[in-house]
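Take a look at this one chain, the form predicted alone, written out in structure tokens.
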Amino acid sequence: MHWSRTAIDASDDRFRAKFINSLSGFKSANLIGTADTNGNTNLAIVSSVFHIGANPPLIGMIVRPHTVTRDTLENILATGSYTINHVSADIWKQAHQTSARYPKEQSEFEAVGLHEQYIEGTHAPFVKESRLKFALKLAETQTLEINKTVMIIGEITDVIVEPLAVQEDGFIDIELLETVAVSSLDAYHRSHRLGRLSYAKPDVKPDEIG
């Protein structure tokens, strides 16, 4: 089956959104925890989180254009604080429900049955039920000219993770934590690791390391 750009543009809006979102394959499922300047909390599922650098530790994510009220974006801009929380197999349905359009005065934590968790020095709440989560301070934002989406770059300040998942070389076994992946807009997946391979070098066959 060949889909030309003309055919893609002619398709139904919702079909096109799911079709194009499927093309990038499996993505991470994350809950973004924020609070406004008065402490009112917000929770939103985001699948556009990506690694930028390890030193300093930077994480990026893309959010929709700021043409209407975006509680997550506005809370981050106002406070400079947010958390990213992995979605695990036991909370994927609650995580998906955070994408519903709740009124600003209603916390998605309460609406979907998840719980806030705080640590000293961090304004934004974590998701208590998440098994791998980290806090960030806002480092930079950029509005992408091509479609007006907003790239948020945060610097990691704190990480909370179950200790058994962290291996001696720094690898975090997210499969042990039952972290799920998302494809398109609404499909959630468990993972099955094929293996880990040694550092790639020219003309050297990599070894399996776990």
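Numbers for residues come from their place in the sequence shown, where the first is 1. Worth saying up front: this structure is predicted, and the values here are computed from it rather than measured.
One more form of this protein should be noted, the form predicted in complex with a further copy of the same chain, which is absent from this view; the next part is about it.
a further copy of the same chain is not shown here, but in the predicted complex it comes within 4.5 Å of a heavy atom of Leu132. Within this chain, His96 lines the site of a further copy of the same chain in the predicted complex, having a heavy atom no more than 4.5 Å away. When a further copy of the same chain is considered in the predicted complex, Thr69 lies well away from it, no heavy atom lying within 4.5 Å. Although the partner is absent here, Thr149 sits close enough that one of its heavy atoms falls within 4.5 Å of a further copy of the same chain in the predicted complex.
Contacts between stretch 29 to 53 and a further copy of the same chain, counted in the predicted complex as any heavy atom lying within 4.5 Å, involve Asn30, Val49, Phe50, His51, Ile52, Gly53, listed in sequence order. Compared with the form shown here, the Cα atoms of Glu145 and Thr67 sit 3 Å or more farther apart in the predicted complex. Whereas the displayed form keeps them at a certain spacing, the CA atoms of Thr69 and Met151 lie at least 3 angstroms closer in the predicted complex.
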